[in-house]
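Included below are structure tokens for two forms of one protein chain, each presented in isolation as structure 1 and structure 2.
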Structure 1
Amino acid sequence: MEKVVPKPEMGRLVDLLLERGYRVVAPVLKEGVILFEEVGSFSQVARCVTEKQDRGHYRVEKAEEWFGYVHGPNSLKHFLHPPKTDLLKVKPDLSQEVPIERKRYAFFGIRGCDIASLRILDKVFLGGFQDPYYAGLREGTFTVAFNCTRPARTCFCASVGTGPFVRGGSDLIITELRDSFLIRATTDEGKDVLEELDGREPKQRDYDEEKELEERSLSAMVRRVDTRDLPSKLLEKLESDVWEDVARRCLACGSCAMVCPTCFCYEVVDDITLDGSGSVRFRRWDVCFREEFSTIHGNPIRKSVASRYRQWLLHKFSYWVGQFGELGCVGCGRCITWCPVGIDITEEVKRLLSDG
């Protein structure tokens, strides 16, 4: 089902989702950064701004288009695989309680890369052993995705096939036209919501305008990664000098892994009460840039920063395919923008491929 709706209807859409009991998560502008946060009304949603992103650089500026931005540092994993999750409440006699949280989210204003990250996280947490903590937050999710018409300079989603336009996997997919929105519903739940919005049948000129926007978006994308046979090509670069070179710049701070929408690694910690009467086992995000990440018997397997950067890059572009059947990178470029020293994963891949 498709509909062209006037711009003010977007507020109704958010209201409809709230009325249906969803916790609506949407981009909001906060202290100069666009962040996904839970909202109580459409007025909180970031509008008429765009972003200037580049390696180690992020600024928000005013714009004509309502949704001509992409995303800030956080992503949907903050909601579905939160930074800290309680796993088990244990007593000294080992009686246990499993604290499962259930939330029904509607993700509004997400992008093709975010949709891809959902599919990828689903494979991690639901593809093998079932993770009930993730499932409790993921079940019944509703998605409202926007086609990106103003990709950031750090975006390279076209290279990994996740954007800039969304090809499905979302309940509603929206293109912002000059003075309306073209909305497609691809699921029954999506149709159900779209039916309640005022609008008209799309005309040929709407499709033409959309097509133009897509072409503009594609040609605005300056970064790319050549993904042909990339997993196996990179496996041949395990001993490349490039790793040492990156290590001279890399601070091993882990920012890239924190902002990455698919980085899922976590550690498990026991938090015991002072009187010893109970212990909560919880998980919190961990990053492969920490020396302790790989430590066994007190010795880290990945001692050098070079080996840790290699782990991170190869996980995204090579190992992931062996583990889950697709690339672990969605091309969102967050790791490029938020790297404090401006390391650019697309550049490093290029250098690796041309090395030796």
Structure 2
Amino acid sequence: MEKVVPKPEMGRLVDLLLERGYRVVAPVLKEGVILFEEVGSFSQVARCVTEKQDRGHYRVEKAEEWFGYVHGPNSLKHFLHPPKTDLLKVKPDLSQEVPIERKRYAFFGIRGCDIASLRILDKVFLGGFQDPYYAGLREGTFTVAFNCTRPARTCFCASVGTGPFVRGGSDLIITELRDSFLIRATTDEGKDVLEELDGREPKQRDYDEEKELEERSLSAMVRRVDTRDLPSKLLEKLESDVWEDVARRCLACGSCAMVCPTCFCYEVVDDITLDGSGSVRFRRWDVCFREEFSTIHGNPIRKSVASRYRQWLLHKFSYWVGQFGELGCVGCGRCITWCPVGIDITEEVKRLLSDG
């Protein structure tokens, strides 16, 4: 089902989702950054701004398009696999599991890379291992994806097949045209919502404009990764000097893993009150850049920064394929933008492939 709707109908779309009981998560402009946050109305959604992103650089500027931006540092992972999740509360006379949280999220204004990240996280948490905490937040999710017509300079989604235009996996897929939106519903839930929006049947000029926007978006993407046989090629570079060269620049801060929409590692911690009257067991995000991450019997296996960066990059582009059947990178470019020293994963992959 397809429909071209006038721009003011976007407000109606958000209202419909709220009326249906969804907790709407959308991009908002907050302290100069685009962030995904829960909103109570369309007036809170970021509009008429774009982003300037590059190595360790992020700025927001005014734009003519309503949704001429890509994304900021956070992702849907922050809502479905939160940074901290309480598991168990313990007192001297009582041990009580924390109830599994259940929410019906509607994710509005997400891009193809983030749609792909949902598919990957589903494999991680709902594949062979069923994680009840993720499942409680993921069940009943509704997605409104926007085709990306102005990718950031750090984006390379075309290389890994996740964008810039969305090919599926979302209830509604929207392309912003000059004066309207072309909306496609790909699920029954999406059709029910789209039917309530005012609009008209698409015409050939709408499809032509959309095609031009897609071609412009593809040509604007300056970063690329050659993924042909990439997992096996990278395994041949385990002893490359490139790893040590990266380590001399890398701060091992873990920022790249924190902003990555697919990194899923966590640790379980027991936090005891000072007076010993109780404790809480919780899980929180962890990153493979910590030396303690690989500790076994008090001895870290990956002691050097080079070995830890190698673990992270190879997990994204090699090991992940063996685990889950696809790359662990969706080409969103967040790790490039939010690296404080501007390490570019696409350049490091190129250097590795050409080394030796």
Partner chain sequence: MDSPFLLRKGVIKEVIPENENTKRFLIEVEEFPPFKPGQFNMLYVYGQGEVPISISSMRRDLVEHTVRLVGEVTEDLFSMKGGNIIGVRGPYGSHFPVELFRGFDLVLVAGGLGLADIKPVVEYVIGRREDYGRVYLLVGAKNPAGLLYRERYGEWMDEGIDLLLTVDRPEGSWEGHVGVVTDLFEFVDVDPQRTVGMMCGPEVMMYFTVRKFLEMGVEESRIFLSVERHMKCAVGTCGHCQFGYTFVCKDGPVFPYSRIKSIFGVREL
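For numbering, take structure 1's sequence and count from 1. Everything quoted here is computed from the prediction, not taken from an experiment. Definition used throughout: the rigid core is the maximal C-alpha set that superposes within 1.5 Å between two forms.
- One of the two isolated chains is the form predicted together with the partner chain, namely structure 1.
- Relative to the superposed rigid core, residue 249 undergoes a CA displacement smaller than 2 Å between structure 1 and structure 2.
- Fitting the two forms on the rigid core leaves the C-alpha of residue 89 displaced by at least 2 angstroms between structure 1 and structure 2.
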